[in-house]
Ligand code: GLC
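What follows is one chain in structure tokens, specifically the form predicted on its own.
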């Protein structure tokens, strides 16, 4: 887990057949667009025809990986198969895959080769739930497709065969990111067996908690005692106090959908995106930020713009994010991260003058701005903790960082 804890920031990529209609089915936008088949109750034989339209000729995988590098992201997790059951890789165990489309190129191989070139950690998203496979159970409650003779055991064999392909045909894979584990046919025994299979195939791979069912009395976002998985995955939220005692990662969209959405222009501003990264790191978690390429493979421009803004901020302030630990204190005026003998004070709402870091204990040597390390910030020790005096103007209009260096690792007041 050490590289993952150091990384703090990754890219999620949602791409599939659902990217073609972008949430619009027969002239109606159906919402939650990667779920559009379910939302619009599209019959099986109609939906699978999208595979004959799949030809993302403007998909530039290397450009996506370079965008992640520019954004300061340290790993990428790509959808190999979402709930729709369509595989974006060359699978010997399915005819419902990218090789049966006009595109006829293994997208996962392109990601694996590009990530190796750019020294980017790579992960696979894989949905346990599968709306296509004839043996997957249960079917949608609205679906009329006959399930006579379907065998969930046979589906698990198919899934294991695909996981074996994904973990043996593409070199080193750093993450297996599971989803769709909440239906009644999945259980802890199957989750543990899947975890063990992946570890046998690649001993260094790490897996999220969604390989298993939720723990008794728990929820989907957290790890429970004895449950398979290496880290927790709160979705579309940063837990109020983080998840102390667990490794965790917030997965978040840049607008309101995971897959490409023609009708969704509710893009998060650069300030909001940087704020999410700062909040997540200050609580000891990672941020997995999603892009949803269009049906032709292009990344929406607002996603590119937002990621580039984050990268520009991280090039100055990344030392306050990468490899840090959760804040030692809780103060309303700012967020902090900790690394060894350093405390980073991340100020989004700059107010010139005194800033009290109540509860922070230690012997400070100096304080400086990450944006200008020659500019020392006045500080003093008080009965309550440490106090800074912020200058009149912030060096960054979104979030400025003051680093405090201590003689020894600081602590917090009990």
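Nothing here was measured: the structure is a model prediction, and the numbers come from that model. Numbering follows the first chain given and starts at 1.
One more form of this protein, predicted in complex with ligand GLC, exists but is not displayed; see below.
- Proximity to ligand GLC in the predicted complex, taken as a non-hydrogen atom within 4.5 angstroms, holds for one residue of 29, 47, 35, 350, which is 35.
- Of the listed positions (319, 113, 143, 235), a single one reaches within 4.5 angstroms of ligand GLC by any non-hydrogen atom in the predicted complex, namely 235.
- The candidate spot formed by 14, 125 and 210 lies fully in contact with ligand GLC in the predicted complex, as each residue has a heavy atom within 4.5 Å of it.
- Contact with ligand GLC in the predicted complex, judged as any non-hydrogen atom within 4.5 angstroms, is confined among 261 to 269, 114 to 122, 187 to 195, 75 to 83 to 75 to 83.
- Among heavy atoms of residue 179, some come within 4.5 Å of ligand GLC in the predicted complex.
- In the predicted complex, ligand GLC lies within 4.5 Å of some heavy atom of residue 251.
- Along 348 to 369, no residue reaches a heavy atom to within 4.5 Å of ligand GLC in the predicted complex.
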